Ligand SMILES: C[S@@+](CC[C@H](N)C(=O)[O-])C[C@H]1O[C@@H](n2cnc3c(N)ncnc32)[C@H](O)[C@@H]1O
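First, one chain by itself: the form predicted alone, in structure tokens.
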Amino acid sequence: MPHIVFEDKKEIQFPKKVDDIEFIFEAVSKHESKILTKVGELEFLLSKKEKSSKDGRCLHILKSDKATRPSKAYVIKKALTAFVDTYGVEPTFSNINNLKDYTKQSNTYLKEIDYFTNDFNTTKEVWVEIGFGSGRHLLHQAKKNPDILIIGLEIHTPSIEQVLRQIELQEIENVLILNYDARLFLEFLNSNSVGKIFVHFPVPWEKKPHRRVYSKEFVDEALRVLALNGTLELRSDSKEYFDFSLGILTDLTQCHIEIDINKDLEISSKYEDRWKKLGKNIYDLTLTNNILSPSSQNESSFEFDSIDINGLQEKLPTKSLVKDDYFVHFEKLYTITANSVLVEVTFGSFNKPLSKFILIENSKARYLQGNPLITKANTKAHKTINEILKND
């Protein structure tokens, strides 16, 4: 992680701008502060913390704040280099000497979640594979069905890199890859827009069942996005996971359920091949959707009411506010001026918590780095945050 350590000998003034780099303000809390920084149009925070010194000097470590960290280390190094030059500090340690930009050309098939919330649009039928692993099944389906757009979700980086290489080598053009939590992804797809959802050999999580992909909420979202006669396919070697999933589907009336054991598919994974050689059973649970769902209405402006920062610290709850399907936890309040503060808050889904900073200036508030993704959990959490912060 790029950072510097320097002796804090003089007061640092804000704002200051040099070329395309701007240091806008310093928000201060006990033993720590956040410096709002812009490199071009990119906005993020630098974190300045006190560091103990054997000789009694007042040392600080300066690095990028984790929640707002830019994806490119080059940008962080550029900001830290500008900070040293602008304020004339003398680092006692630095690992920012190499300022080469190693930015790689973006991969056409690897997408960020923002793409699906803002830009995704297709006239093709969509299939979704959750946890594609080595990619055997994903690539097979893509080559066999060139007119289908297949979205593959995976959180294991080596698996993603391996499949992206195969997509290029095999010249496959109908696949999009995403590193994101599948339990939340379906919220971003339109109702009745998906033909098939594959969940093959998910992690069973015997000791942590709350982490399983399969849940009542997941199945409800799957039924919403599935087209009429669309299918949700679970394939697992775990009898416990199979029974657990079947229990979730038992009371559903808007779908047909089919059960198979040791069914042979056209393609199988190395994982499946290994279990078959050992004589282990493979369970299939296929749900076929029988209804059309209304369009999703999950929208939010993420606006704030007027906020009085006087006494705001005392208003913030010291414990997490935990609801059935979301939570809110206020982390820390940083002071900027008499009329402005920075509030750090973690909120949203239990499966994928979101850490954001709220900048409040002259009673007006906004989320740094833009609004949260529009999910059900984030929308509900924001309403709770606004109720706590707003003027009575």
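Heads up: residue numbers just count along the shown sequence, starting at 1. Please read these numbers as outputs of a predicted model, since none were measured by experiment.
Below: the form predicted together with the ligand, not depicted.
S.K.: Picking from 247 to 255, 70 to 78, 270 to 278, 85 to 93, which part of the chain touches the ligand in the predicted bound form when contact means heavy atoms within 4.5 Å?
M.R.: Only one stretch passes the 4.5 Å heavy-atom test: 270 to 278.
S.K.: Which of I261, I155, I291, L169 has a heavy atom within 4.5 Å of the ligand in the predicted bound form?
M.R.: Comparing distances to the ligand in the predicted bound form, the residue within 4.5 Å is I155.
S.K.: Which residue among V163, L285, V213, I282 has a heavy atom within 4.5 angstroms of the ligand in the predicted bound form?
M.R.: Contact check passes for V213.
S.K.: Contact between F201 and the ligand in the predicted bound form at 4.5 Å, heavy atoms?
M.R.: Because a heavy atom of F201 falls inside 4.5 Å of the ligand in the predicted bound form, the answer is yes.
S.K.: Indicate whether the ligand has at least one heavy atom within 4.5 Å of a heavy atom of F116 in the predicted bound form.
M.R.: Because no heavy atom of F116 falls inside 4.5 Å of the ligand in the predicted bound form, the answer is no.
S.K.: Hey, in the predicted bound form, is R183 touching the ligand, heavy atoms inside 4.5 Å?
M.R.: Looking in the predicted bound form, residue contacts with the ligand include R183, since a heavy atom lies within 4.5 Å.
S.K.: Should G131 be classed as touching the ligand in the predicted bound form when contacts are defined as heavy atoms within 4.5 Å?
M.R.: Answer yes; at least one heavy atom of G131 falls within 4.5 Å of the ligand in the predicted bound form.
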